[in-house]
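Next up, structure tokens for two forms of one chain, structure 1 and then structure 2.
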Structure 1
């Protein structure tokens, strides 16, 4: 109760977690609200936070003291010092880039950077952890992984295959080079990763279909749960990719693919 005040945000979080249980009703409301709105501490007043937590200001004051601070101000100082908004000089710079005129290379770069960043943020927010774990489990116990992705999904498919290979996971990239078809390489103990975005590529769907009818598990990486690949897949991973102009950044898709590959590599030991 009279411990020293947390001096870092990580310390703050663990203190918060350790103190939350065994707190009376009102103080618990404070703890819950603060945990869910940690980011607003730096820019709010006691009254604002208290009303958000639906408690009187005095309750919130007491709560700050329970965490070890002398009062609200001391707690706020921690967050104000650490405050680095999602736009330090980064946003300023983006703005400068864009200001150099619509259509200029710099402005385009700014747009694509922004599209990539948004995609990644949305991925973090919307990623389905359960599906991801299922996909890893499924793919980790397969012998060989068959990766397919064409057109704009091709860079992802090729990188995924590259990383899998580096991790000593047997993987075949079905790239349709020379219209050669390796679908007879699909063995029942294998698994398939199919990547496709609207407009969905027939060749990709066809390979997934083939894998499915041979009894291979199929993991689909696509843009929506309504994508045609969904019906063919055992597990579907959706990626909310933000386009700029007609082109998608692929940042989110690559991040997801990398995570998938490394998780598979780890699971296989």
Structure 2
């Protein structure tokens, strides 16, 4: 008997994580694509998502039923009601702040400080110390660390690489500047740090997949254990970030990255 359909995005992510490993090939393709593109569910058709997953539409419909939905429309409604409205475009975010009277500089500063404080408190409570120690052990043994993080994760990736270099830890930032691809620099004795949050970066996932296929350890920094980077990683570090006005803080992610870099530097002596 199929379980009842998830009623929240968190329930959806948990259900997706619990069924993915046991799925046959085509349905696993659906699961992987949906996990990497949850932001597209609310605005895409069955045919578009099926094409992205490289499966027939019937396979995607079957996948929806395995998750507990009667079909694609019910799954899409969950995301239209709960997910898509949560992250409007930037013009809409600014207009909403202005309309609510929360757009003054001092008010914005207070709200973002509070969002950062809450993010840091949640990180302190939820941090997986075992996973962090495992990540440091893997990365400290590597000759060169390859750091990748684009879009919202780019400031974190660039700062992490900066700190590693200051600590005399060889590191390469894969920033795709000029559309240059540095994956040829990956060596068997290296390791990869991949940072990505929903909507997940295809370029970040691609480099992590390449590193994994070459036998390199991959440490993923992401928002959920159901993130597509989790299945490519040797160790996963999750970071909670509280948003204000649909603008998401990086406070907790930067704190985790700084701790990771200093711990690696200390372990390498």
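Predicted, not measured: the structure shown is a model, and the values here were computed from it. Positions refer to the first chain, counted from 1. For the two forms, the rigid core is made up of the largest set of C-alpha atoms that agree within 1.5 Å on superposition.
Peer 1: Two copies of the same chain, shown separately. Which of them is the form predicted together with the DNA?
Peer 2: Pick structure 1 here.
Peer 1: On a core-based superposition, does residue 64 travel 2 Å or more at its Cα between the two structures?
Peer 2: Indeed, residue 64 is displaced by 2 Å or more.
Peer 1: Please check if residue 234 moves between the two structures, taking a CA shift of 2 Å or more relative to the superposed core as movement.
Peer 2: No; residue 234 is a residue whose C-alpha shifts by less than 2 Å between the two structures when the cores are overlaid.
Peer 1: Does the C-alpha of residue 144 move 2 Å or more between the two structures once the rigid core is lined up?
Peer 2: Residue 144 C-alpha, core-superposed: shift of less than 2 Å.
Peer 1: What is the magnitude, in angstrom, of the C-alpha shift at residue 49 between the two structures when the rigid core serves as the superposition reference?
Peer 2: With the rigid core fitted, the alpha carbon of residue 49 is displaced 56.9 Å between the two structures.
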